[in-house]
Structures are given as C-alpha cells and as structure tokens.
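Quick setup: one chain, the form predicted on its own, written in structure tokens, and binding and motion questions come after.
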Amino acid sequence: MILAAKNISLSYESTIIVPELSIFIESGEIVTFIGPNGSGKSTILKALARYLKARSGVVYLNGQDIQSMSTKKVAQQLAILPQTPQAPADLTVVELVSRGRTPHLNWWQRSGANDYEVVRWALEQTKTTHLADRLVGTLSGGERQRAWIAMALAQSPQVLLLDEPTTYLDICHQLEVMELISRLNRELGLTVVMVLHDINQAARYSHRLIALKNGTIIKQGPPQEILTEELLTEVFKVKAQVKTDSASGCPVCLPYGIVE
C-alpha cells in the first residue's frame, strides 16, 4: 500500500473529531471520502498530508511514518490541494506551476532544464499551456483549479490529495476537473484521495468510497456495492432511490426526502 493510517485519533485542541480510524490506500486507486458536514473528511485528509498530527496512531507514506519524514521528502511523494488554495493574484500561471518544483531543489539551486520540462509537461497535461502567461487572479474558477492541479503535478507526486476539488464550479467545469483527475489516474497511475460532497460524482469517478459519520467509517468499498438506499439513510439522513446509470454502469443517487 502507498498510504495508510493505522489507529489514528484526530482532534482540534481538546475536541476529538476522529476517535480511532484505520485506512489503507493502494497504489493507483481513486478513493473518495463521503459523509455529512462535520464527519471528519477534511480532518482525515489533513492527517494523511501531515498537516495535522494524530493524537495517537501512525500515518504511513510508502511504509514510512510520515511524522519522521522531512517536509521536503513528503512533498516529493505527496501533493495536496486544499479546498480554497491561495496564491498572489499577480502571479502568472507558469510561475504558480513552477512552485511545484520546490521540493526537488536545494535552497541554493535554481530551476534547471529538467524542471522547466516538467513544468511544461504539467501545463500540457492539464491543458493550461495557453494560460501560462495569464495572471492567476484573472482566471475563471475552472481554469484556476486546473492551474493548481498543474502545480501539484509539477511536484511529480505519487499521491494527490484533493479537498472538494469541484467546489464553486459550474457543472461543466466540475466535469472538466473530474475527467482530468480520472485521466491522470488512468494514464499516469496517479493515486488520488479525495473529499467530495457530490455523491454521484464520487460514485462515478472513484474505485472505492469510504462513508464516514462522526469520524467513524460506516462502510467502504466499490460504489456499486456500498451506495445503497440504506446507507444514504444512515449516513446522510435522506430518503433516496439508487439507480444504475445505463451509460456508465455507476450507481446514481436520487434524493426525495429527509428522514425525520
């Protein structure tokens, strides 16, 4: 496995968010956390990225305790995009993407030919080459998200963590971003761990779903196996029909009521 959390307990100060949890991510998987607000999804993602230290338990990256690794070593293997990443508005896209090479440089080094080649490749992969000289502050939401993904790709990571990558995007740009993530996984073997609120997108684009409630895993597995009407009632407190999409073969959730 490429990423794992064993018996981790997570908290903010004295408030325990995740009491005890174990997760195992295999190389090449797309795994998505689903669950209501406050269920611990983003908190777990922060722990997997070493942004949040567990009260107990261990997170492993390629078999090594992530807390024993330097920030640079972690960043060479893992990239994370938070829900609302921030960058100076007067930064160009190519300058933003070039920042992804930082973990691979020593403090006295300047970017070399290989770094420029990786940046060019990342721009091509995300179809942002034509935006290279644009200021980040002038981009649309979809363009900006692709630019951030390009920066993450420039890190040359094995694992990409994404917290709500489609937030604030219209349906066209949501699909654009999800299709990009799917292609990067399929063509590059990139391991992806996401948090999504859109259950239907999660079902369509994930190999495995992990359903959370109150920091506890209620169920996990392939979307076709675990996304049921009973699960939606238990986890989200909604009444819903679950159908199978004839085009993709993926389950589709159709909510129609709230459980009182």
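In this text the structure is predicted, and so the values were computed from the model without any measurement. For every residue, the number given is its place in the sequence shown, counted from 1.
Unshown form predicted in complex with a small molecule; subsequent notes refer to it.
Taking the partner from elsewhere, Gly40 is found to have a heavy atom lying within 4.5 Å of the small molecule in the model of the complex.
For His207, no non-hydrogen atom is located within 4.5 Å of the small molecule in the model of the complex, even though that partner is not displayed. Though the partner is left out of this view, Gly28 does not reach within 4.5 Å of the small molecule in the model of the complex, counting heavy atoms only. Although the partner is absent from this view, Glu143 stays clear of the small molecule in the model of the complex, with no non-hydrogen atom inside 4.5 angstroms. Taking the partner from elsewhere, every residue among Ile17, Pro36 and Gln83 has a non-hydrogen atom within 4.5 angstroms of the small molecule in the model of the complex. Note on the interface: of 41 to 49, 216 to 224, 199 to 207, 54 to 62, the segment with non-hydrogen atoms within 4.5 angstroms of the small molecule in the model of the complex is 41 to 49. Site annotation in the model of the complex: the residue of Glu95, Asp115, Glu176, Glu164 reaching within 4.5 Å of the small molecule with a heavy atom is Glu164.
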